[in-house]
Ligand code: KG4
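First, one chain by itself in structure tokens, the form predicted on its own.
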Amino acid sequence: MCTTDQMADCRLMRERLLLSLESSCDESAVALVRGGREVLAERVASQTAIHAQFGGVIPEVAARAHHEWLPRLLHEVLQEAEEFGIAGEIEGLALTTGPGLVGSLLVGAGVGSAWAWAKGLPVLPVNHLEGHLRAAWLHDGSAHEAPPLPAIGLVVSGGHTLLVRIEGDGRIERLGGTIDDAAGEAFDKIARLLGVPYPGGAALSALAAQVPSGERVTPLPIAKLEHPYNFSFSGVKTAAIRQALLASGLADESPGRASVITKQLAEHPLPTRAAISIAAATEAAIVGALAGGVQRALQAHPDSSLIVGGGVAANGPLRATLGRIAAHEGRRLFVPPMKWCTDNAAMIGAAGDAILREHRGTFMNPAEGVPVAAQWPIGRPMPL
């Protein structure tokens, strides 16, 4: 029986404790999450340095790196659980099973399922994209307000760009998304053309920030689509290429293959001022397109708050612009701390807890096999 002074601790004890694992692309991650919100322990091993030499993620290399890192990270997080005296409270494993690179997902599913089977614990398949949205609920022990539902959610990363509405009961409805490149993919591709090393999104933003104070930058053109919540970023890439070729003194011809253009620009480097201008124009165009879609969604759903997740959610101008839009529409903006914008396992624990609490999914027996899927539309059942 809890006394009044012990009530907070008793409530904490009743909250579900999940171990979680993420391996959808090139980050290996394991975390321990209480109640879908409090991160008690976590580890992330990034493969950025491995893939930088290739200018992008190589699936086979990523899968091999997961083989190396996941068992180590799992051991370290479980050691912390033992030290805290809470290892016996773990109820199950929340596991990313899609969307993502199949090889990477299979490694995570194999490592996670083997551990869960050995411990007699169940596993819970989690959609990676829902994880990015649920990262907004996370905290590390400090006071933190949970986002109210319903909400408009924007997932914006290297591989995904989509707008959703999260209902009060947690159900997710897809409103729209990119019809070609993801926003982060466009950032990375244009950064590579400008000679910025991989991963290029953050470096391109830093380059754009060098625009002289007071200088106006004209955004690159973005396709106007009939669907109010869809995006297209391939056009901004083409426009950036044309500007780069002209600024480098190359013929104004229709852009050819990316490898040829990259070689041409390496042989005829862009003047620094031109690179800064193109970077700023690129950022302005992409941020403007995302902001427009979000504002339309907020205006169509006046009862909704705003949640943003994914690696590109760490972009400063995007955060500032969406903050102004949310304030203008009388809404609240919820964005995870920087460390939980990129891929991590804590967000998978948060999503897993929400799925169970809202009765949108159930634990499964790891001995029966855990399927993975390269494509898994958000808000839909796990493909089998």
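From a predicted model like this one, the values you see are computed outputs, not experimental measurements. One-based numbering along the sequence shown.
One more form of this protein, predicted in complex with the ligand, exists but is not displayed; see below.
Heavy atoms within 4.5 Å of the ligand in the model of the complex are found in one stretch of 264-272, 85-93, 172-180, 308-316, which is 308-316.
Residue contact with the ligand in the model of the complex: G159 places a heavy atom within 4.5 Å of it. Within 4.5 Å of some heavy atom of the ligand in the model of the complex lies at least one heavy atom of H132.
Using a 4.5 Å cutoff between non-hydrogen atoms, T97 does not count as a contact of the ligand in the model of the complex.
Although the partner is absent here, E27 lies within 4.5 Å of the ligand in the model of the complex, judged by heavy atoms. Taken together, G184, D188 and A202 are fully in contact with the ligand in the model of the complex: each brings a heavy atom within 4.5 Å.
Between the ligand and the residues V39, C341, A65, L322, the one pair within 4.5 Å by heavy atoms in the model of the complex involves C341.
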